[in-house]
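First comes one chain, alone, set out as structure tokens in the form predicted on its own.
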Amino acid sequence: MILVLGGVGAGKKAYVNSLGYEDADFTSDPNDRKPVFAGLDAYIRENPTDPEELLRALVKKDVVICAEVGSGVIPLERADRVYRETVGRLCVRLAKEATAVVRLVAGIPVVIKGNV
């Protein structure tokens, strides 16, 4: 599994397309059989779920895409802080399991782990 991270509008989807995946390969349902799971951050916001169950589903994907949520100002609202921490901790666990981790910065892929 390749974990692709980056800010909003950083080029994550275009990068995954450049790996040979088409738009039809993308899903926002972790239980869908499509190979690319996009929008981990949004999924967690909308579906507070058991991180263990979600982790088991995501490590079966070819690619997991997540917007970075941990940089910047710490949110005032407790729920927003819990959400941000949940996303961050799950990304740490995904990165550990991933064969590659790529961060997109201004459309430029920076390989943090592995080879892509």
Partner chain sequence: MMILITGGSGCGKSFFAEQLCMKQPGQKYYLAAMQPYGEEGEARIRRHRAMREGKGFETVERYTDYASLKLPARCTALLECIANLTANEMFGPDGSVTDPVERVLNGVSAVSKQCEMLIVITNDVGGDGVRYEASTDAYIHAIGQINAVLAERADTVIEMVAGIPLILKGQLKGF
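Residue numbers count along the first chain shown, from 1. Note that the structure is a prediction, hence the values are computed from the model and not measured.
Absent from the display: the form predicted together with the partner chain. The rest refers to it.
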Can you tell me which of 59 to 67, 46 to 54, 32 to 40, 82 to 90 lies within 4.5 Å of the partner chain in the model of the complex, counting heavy atoms only?
82 to 90
Does K13 make contact with the partner chain in the model of the complex, using a 4.5 Å heavy atom cut-off?
no
Whether L19 contacts the partner chain in the model of the complex should be assessed with a 4.5 Å heavy atom distance threshold; does it?
no
Does any heavy atom of I2 come within 4.5 Å of a heavy atom of the partner chain in the model of the complex?
no
Going by the partner chain in the model of the complex, which residues of 87 to 116 come within 4.5 Å of it through any heavy atom?
G88, R89, C91, V92, A95, V101, R103, I112, K113
